[in-house]
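In what follows, one protein chain appears twice in different forms, each by itself as structure tokens: structure 1 and structure 2.
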Structure 1
């Protein structure tokens, strides 16, 4: 169990009879990258605002870096950096001048500000554009500058709201690599709110799925996959087989099916023109491979299908049955 840096208990925000956030319980550890997923209006932004002390909860507790955001929002802001989807800078100033201005606002001396800003510009890959006016920056450059801007005050937590919108694929990859480096090397906790499931799966240690103000589920992809597909087939093994080398192939096929269905945790077996699909409640790859060989077939390939975040996300929105089961 890690060191908790964000703790939400029974967190609720109501506007009249509407619950924007409904009894949210969530703990995020130091150095973790946590992804917030959900459609517009799910409660992600309201949750972030309460974490930052920018809006008060109707009930519940929100603690960030050990500080109650409702009681002492200024202290939270000192220790948390926030990067919105569109960062505002002084367009007629250079990237370096913008960052030095931010550093001075955070009470760094001129010498400290200049030294820290130069280090950050190098870290985010903007050392060649330090004196370029921000009005001439590309979208990707602005987001990297925004990341440097939130790092000026050495935050313990950074919150990123759709940080890769409008960035080209190479820029997205570089930005995500920066996020991972900050988490792994500096143990900065990252809260990433995004609609891009593939990007979230690439970098996040855990994700939380928000719908209608409620956290339906949270965990890593493997945990969510097992929970969500446990009543069906959480593990799918696919194999390509060669001929048995003997006659009466149909009999061999039936014998293989019977052998596989006799294995513990196997739920289904289908075989079609040399392609085998085995659905199970556990990973039985080794047993499947052994059964294939014992049945006289050649095993050309064997792979485990892994449910991705897109599969999980889609499953949560298939209807009320899943919602009621998980919620």
Structure 2
């Protein structure tokens, strides 16, 4: 792991008695793409606002690029680009004029601003729409314009709050590819907040799961699933069985069940109309296949299921009792 660029220590924000963010500790390294994942109202946006110094934390420390955001927000904002969810532009100005305004607020001269803005507009693929009024832009175009707007100041870190909200699937894919390219080429650190699991899974190096103001777990997807399901069954094997020549009686399936439960590391076996689900503490797929065939069943398919963010997500958010298991 490289040097850290965002450090949050014991960060807390209270609105009255309600803690929107509760003792948050988080470190993000330079050059990585970090996904902040959580349901609506989990405190993601509040955390981001505190990172930019737009809201003061009740307690705790935020350091971005080594600068304390609460004490010196201007310096932080000089280095950090922020794309709010549902970004707004001045509708009566063209896309180019909007970006030039941002560039000039970042103390660029008119000439520098124009040159940089034209280059960025080309990079995000808006060169055809530069002089069109932003009011006539589509949602996806606005979002790309927003990304260009964030890049105008040559940031070290970009923070994207729900960047893919309301864009069509192709637009989302292009947008995410753009983000990955930026991060890899310019070594920009990206913090992405979202509640779209698949998108986060596609692009993020690491993911933090954020619920009710607390970070429940962080790590890459494999680490997360290991952490979360280690005490039960981290490996799930699913098999489809065919009808056999030996008949389809209950005795056969009972025998198979016993045989499987007899295997090492197998914790549970469920059988449901030709579908078999085996939960194990280790990868036992080969043994399972052997046992199935030995029992005289036909094996149509056998898949080793890896936990995706979906499962992690539902596991966290389905029941109250799971909250805080790892945190």
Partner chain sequence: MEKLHNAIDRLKTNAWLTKTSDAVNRLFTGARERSANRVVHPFWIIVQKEISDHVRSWRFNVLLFLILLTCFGSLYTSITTLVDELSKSKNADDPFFFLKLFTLSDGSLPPFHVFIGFLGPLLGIGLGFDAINSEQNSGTLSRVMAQPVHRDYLINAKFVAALTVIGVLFFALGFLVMGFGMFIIGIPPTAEEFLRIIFFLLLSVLYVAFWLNLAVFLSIRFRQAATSALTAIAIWLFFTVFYQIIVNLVARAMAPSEMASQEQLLGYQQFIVNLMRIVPSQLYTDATTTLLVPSVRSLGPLTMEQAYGAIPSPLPLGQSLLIVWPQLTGLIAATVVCFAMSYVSFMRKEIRSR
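A quick note: this is a predicted structure, and the numbers were derived from the prediction, not measured. Think of the rigid core as the biggest set of C-alphas that the two forms share within 1.5 Å after superposition. Numbering follows the first chain given and starts at 1.
Two forms of the same chain are shown on their own. Structure 2 is the form predicted in complex with its partner chain. Core-superposed comparison between structures 1 and 2: the CA of residue 276 exceeds or equals a 2 Å shift. After superposition on the rigid core, the Cα atom of residue 257 is displaced by 2 Å or more between structures 1 and 2.
After superposition on the rigid core, the Cα atom of residue 296 is displaced by 2 Å or more between structures 1 and 2.
Aligning the rigid core between structures 1 and 2 leaves the CA of residue 267 offset by 5.6 Å. Lined up on the core, residue 286 has its CA atom moved by 8.2 Å between structures 1 and 2.
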